[in-house]
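Here you get one chain, nothing else, as structure tokens; it is the form predicted on its own.
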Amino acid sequence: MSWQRIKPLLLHSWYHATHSKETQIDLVWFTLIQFLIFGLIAKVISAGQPEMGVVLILGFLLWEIVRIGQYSVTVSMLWEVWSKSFNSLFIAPLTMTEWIVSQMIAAAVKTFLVIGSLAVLGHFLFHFSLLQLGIALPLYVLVLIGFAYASGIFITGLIIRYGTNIQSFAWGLIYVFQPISAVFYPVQALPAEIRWTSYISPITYVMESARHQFATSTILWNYVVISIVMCALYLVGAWVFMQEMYKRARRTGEFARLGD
């Protein structure tokens, strides 16, 4: 893996993000509008139940780390496929690993800029601060962005293998995890029959620990450790899957036809 080949890809991502109105609307405009809506709902709820307002804003900001990170990794590839330029990138001595790593770095930057801006806005408009999570905040962010990477890499593997027939997975598949990951409510709110599904998502442990921390000022360190281990397993599994799909697509010629 060469940093000299990754740098031009990062520059390419920067130019795309700063000139693509579609990307700006998806990552900034929609996120901002939804944040304002959630914040105003939280403000109304807080009049009677202050803790519920905090839960809504907290859940929204932490979930958006996952959504924006995954979206950035996956849709960046689709933009290249749609413009029929993805295959041409690999005429140069570029590896799939270098491509994925560059998109992971770009996704982290985009996520930091968007969520950081919303956190500052939330502080002034709704008197909410993510910094209340203290030393646990970097660990929560690490798990959530790691899971975003895992999801993005997995979906990239699917697109490499099956093409644009499943391109809607790039922005829709991640939402399978939202209802089961206790984003806006505790795990106990789920029906007992499907409650077990929440524990296969590392997001659940982050959300539960973050809510507990806001309520009691104590960190559920066992949940933090579980989420980190699970996230690492998801990352390894997604990486192995993507590499296998890439090799198979190269053997069958599907990779060469991607975007045709």
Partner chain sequence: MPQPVLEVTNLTKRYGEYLAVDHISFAIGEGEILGLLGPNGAGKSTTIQMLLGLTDPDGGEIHYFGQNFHQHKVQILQKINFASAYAELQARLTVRQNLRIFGMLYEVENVERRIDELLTLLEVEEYADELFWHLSSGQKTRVILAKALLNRPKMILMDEPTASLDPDIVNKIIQLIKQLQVQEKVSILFTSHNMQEVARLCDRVSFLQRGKIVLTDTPLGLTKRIGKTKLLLSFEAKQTVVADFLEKAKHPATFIRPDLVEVTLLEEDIPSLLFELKKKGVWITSLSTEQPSLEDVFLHISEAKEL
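Because the structure is predicted, anything quoted here is derived from the model rather than measured. Numbering follows the first chain given and starts at 1.
One more form of this protein, predicted in complex with the partner chain, exists but is not displayed; see below.
Of the candidate stretches 176-184, 86-94, 143-151, 101-109, only 86-94 has residues with heavy atoms within 4.5 Å of the partner chain in the model of the complex.
Within 4.5 Å of some heavy atom of the partner chain in the model of the complex lies at least one heavy atom of W79.
The shortest heavy atom separation between S20 and the partner chain in the model of the complex is within 4.5 Å. In the model of the complex, the partner chain sits within 4.5 Å of a heavy atom of L11.
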